[in-house]
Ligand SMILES: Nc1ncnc2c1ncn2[C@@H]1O[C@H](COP(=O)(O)OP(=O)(O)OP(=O)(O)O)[C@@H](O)[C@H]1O
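Single chain ahead, written as structure tokens, the form predicted on its own.
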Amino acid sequence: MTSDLRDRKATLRSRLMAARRAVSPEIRAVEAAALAAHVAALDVGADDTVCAFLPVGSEPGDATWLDGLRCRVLLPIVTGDSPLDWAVHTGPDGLVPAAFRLLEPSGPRLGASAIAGASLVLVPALAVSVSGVRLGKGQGHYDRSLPLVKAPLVAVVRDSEVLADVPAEPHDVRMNGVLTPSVGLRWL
């Protein structure tokens, strides 16, 4: 990665994180309710598997946004520099504190390849471009996991985080869609 590209990504991350911290609790609550309604309306059946995540900090959504999914839901488990591991989400009582202020399922780990069996993957992002380039937090956890996926990839961001352009690297896996509080699911 060139120094210029690294600097552009760092500047964009910093700007987006500052904007997220400025969002009021009231707006966060409204966004979380809207995302929960959109997730409940997703076209997934009881036999489908959705890989998702639990928002932390200033990420859009809250712990209840997955309650409307009536299918098998897998949540990530961070395993250092390896691709993400996955475990079944059984509800709030089945979650334990983990690294990076995350909550993760306490049940059996299914391995990194579990994401390959998903029907849909909801991916955390700081931003996504209209052409599907996702900007994450820079640790590479999803970059190592998304190449295993054949299902649609949907970045979850605030409406203001859908951008005309996001700096891209050759390893970046493009998103197929974006889920925002105001619009819901939009295919890219």
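Treat the numbers as computed from the prediction; the structure is a model and nothing was measured. We number the residues from 1 along the sequence you see.
Same protein, other form: the form predicted together with this ligand, not shown, and the subject of what follows.
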Applying a 4.5 Å heavy atom distance criterion, does His141 contact this ligand in the predicted complex?
yes
Is Arg6 close enough to this ligand in the predicted complex to count, meaning some heavy atom within 4.5 Å?
yes
Whether Val149 contacts this ligand in the predicted complex should be assessed with a 4.5 Å heavy atom distance threshold; does it?
no
Contact label in the predicted complex: Arg13 to this ligand, heavy atom within 4.5 Å
yes
Heavy atoms, 4.5 Å, this ligand in the predicted complex: which of 149-157, 41-49, 129-137, 66-74 makes the cut? Say which one.
129-137
For a quick check, can you give me the residues of 156-188 that have a heavy atom within 4.5 Å of this ligand in the predicted complex?
Glu169, His171, Asp172
